[in-house]
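Single chain ahead, written as structure tokens, the form predicted on its own.
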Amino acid sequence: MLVVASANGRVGIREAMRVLREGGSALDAVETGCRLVESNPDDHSVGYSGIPNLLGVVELDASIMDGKTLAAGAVGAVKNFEHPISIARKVMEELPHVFLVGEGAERFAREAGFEEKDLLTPEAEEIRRRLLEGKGLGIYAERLKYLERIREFANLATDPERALGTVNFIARDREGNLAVGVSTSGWACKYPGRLGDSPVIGAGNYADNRYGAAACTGRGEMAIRKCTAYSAVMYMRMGASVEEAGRRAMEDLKDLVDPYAGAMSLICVDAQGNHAAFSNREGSRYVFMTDEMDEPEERPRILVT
């Protein structure tokens, strides 16, 4: 049994492994891990206390995928619900749809019994204020003239700790089933309604028991355009090792012409439980834990420049 996560997943990885040890499914494990990060007020890239959008509203995105059945669920631009990963799973299990966004996703969450919560914290709002004023955009934001300075502001994407953030989990249970969960509050000060790769199946998240699973963090627009998570799994399907598959999926991003190109990272697990992680930024790390380990281990990602 195995759980692999982005570095901020350390908050939830022990509990995710406990779920697997007690006989829970890979889906249960990734949902559990994501929920703990979503509730972490010190993580401003996910869930409660996520950095709000341009107008000061926290919008959350999430997706989940079952590698056994290829079933998937996703939600985007969700306001006032702390656990979009659980709403995404409920979409997967209860609806004939895969993806709900905005008011529709929020209506479904209420009908499904999820409790509403104010997600905006003073700390997250202060980060938003500093980011906008640091680029001289405070008054532009208030006047809704964001587009006049979008290119300048988008340079914030070069700092993944401030502008971009996501948590992702991949789990492999005792039956060899794979699952992936991804949750995010998205790009700091994003244009209202913006969706990155996290809720997009095939871009930020993909799992197939036969070959492997992958999940992305970073500038989601890049992963959307190259279907990065799906590409990594397809390279494994073509016979590539987990390390080769991840490298090739990352190298594919070089084809993009993108003036806002920023940090991109990837975690991968193959059908046998081998894992690797990648980034185009030095110093990026990930965590993993097997059922034989007492504590998770953190490792550097393979640098793909």
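All of these numbers come straight from a predicted model, not from anything done at the bench. Numbering starts at 1 and runs along the sequence shown.
Keep in mind that the form predicted together with ligand ASP is not shown, yet the notes after this line are about it.
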Report the stretch among 171 to 179, 214 to 222, 84 to 92, 101 to 109 that approaches ligand ASP in the predicted bound form to within 4.5 Å, counting heavy atoms only.
-> 214 to 222
Taking 4.5 angstroms as the cut-off for heavy atoms, does residue 166 touch ligand ASP in the predicted bound form?
-> yes
Taking 4.5 angstroms as the cut-off for heavy atoms, does residue 79 touch ligand ASP in the predicted bound form?
-> no
If you check in the predicted bound form, is residue 184 within 4.5 Å of ligand ASP, heavy atoms only?
-> yes
Using the partner position in the predicted bound form, report whether residue 228 sits within 4.5 Å of ligand ASP, counting heavy atoms only.
-> no
Could you list the residues in 178 to 203 that come within 4.5 Å of ligand ASP in the predicted bound form, counting only heavy atoms and keeping sequence order?
-> 184, 186, 187, 194, 196, 197, 198
